[in-house]
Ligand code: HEC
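The form predicted alone is given below as one chain in structure tokens.
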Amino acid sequence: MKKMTGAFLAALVTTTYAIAEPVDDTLVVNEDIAIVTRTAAPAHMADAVDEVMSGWLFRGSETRDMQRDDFDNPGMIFVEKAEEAWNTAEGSEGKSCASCHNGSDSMAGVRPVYPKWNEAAGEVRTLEMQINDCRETRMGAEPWKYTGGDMANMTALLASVSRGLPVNVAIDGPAQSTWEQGREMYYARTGQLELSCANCHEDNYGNMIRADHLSQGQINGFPTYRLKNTKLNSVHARFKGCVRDTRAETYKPGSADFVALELYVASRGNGLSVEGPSVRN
């Protein structure tokens, strides 16, 4: 079903036992929020894969179980911190997020459509970009570091109130050229290892690479709490790490290149549920 590409990756994969397919399991958070973790691939993915699958299906049972209940999910600690920030006035305007939006639950439905085209700015914006725009133009506050803790916390909060809703990122109209740029990046081989995103997450998902189980690289669960570094990790921080692993010069978080890549990768998961903050290895 999936061909091996990239001599280095193929060598690593063949040193492992065998294919380890995604588990047959279902995710319901707090015994209430049903999460779609596998569904038919969106139309623009039909020539690549038949089905899109959350990274949750590629994790071990203990890691999967941590996401079933908010009391067990370590990412929810950071959601609580963001809730405090949501209600705290900052900046020269003396406003908080709640001053304009009321409760954070009013933002349900926002996470599923980002990145999205912003007509006024004439560009595709990520959720992080929009948060900083609000901070600077509406609150008169300092922008947060793109991959910093405050930003990761807030995006986790906004994801949490949309859990269970389907990712529905628009790729047509004025966003199309950015999406096409992201698609080109996804399939471009880079670095000393000459690997592309697709080599791991399209050609070899389900395989073991050393001790790790390759997923489809879906980002519907971001920001994600990684047991590896015990903190929330943003999409662009993960992109940066992946590019680094190909031994290539990486892009800056928040750059136009990573924005384009995020739009494309997000669209690959259209139809999956928002599940952030997720828990991964």
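Everything numeric here is computed off the predicted structure, so don't read it as measured data. Numbers for residues come from their place in the sequence shown, where the first is 1.
The same protein has a further form, the form predicted in complex with the ligand, not shown here; the description that follows concerns it.
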4.5 Å heavy atom contact, A260 to the ligand in the predicted complex: no
I131: touches the ligand in the predicted complex, heavy atom cutoff 4.5 angstroms: yes
Contact of T246 with the ligand in the predicted complex (heavy atom, 4.5 Å): yes
Contact of T37 with the ligand in the predicted complex (heavy atom, 4.5 Å): no
A170, M107, M76, L165 - the one with a heavy atom within 4.5 Å of the ligand in the predicted complex: M107
The ligand in the predicted complex: contacted by all of K81, Y146 and G191, heavy atom 4.5 Å: no
Residues from 219-258 in contact with the ligand (non-hydrogen atom within 4.5 Å) in the predicted complex: I219, F222, T224, R238, F239, C242, V243, T246
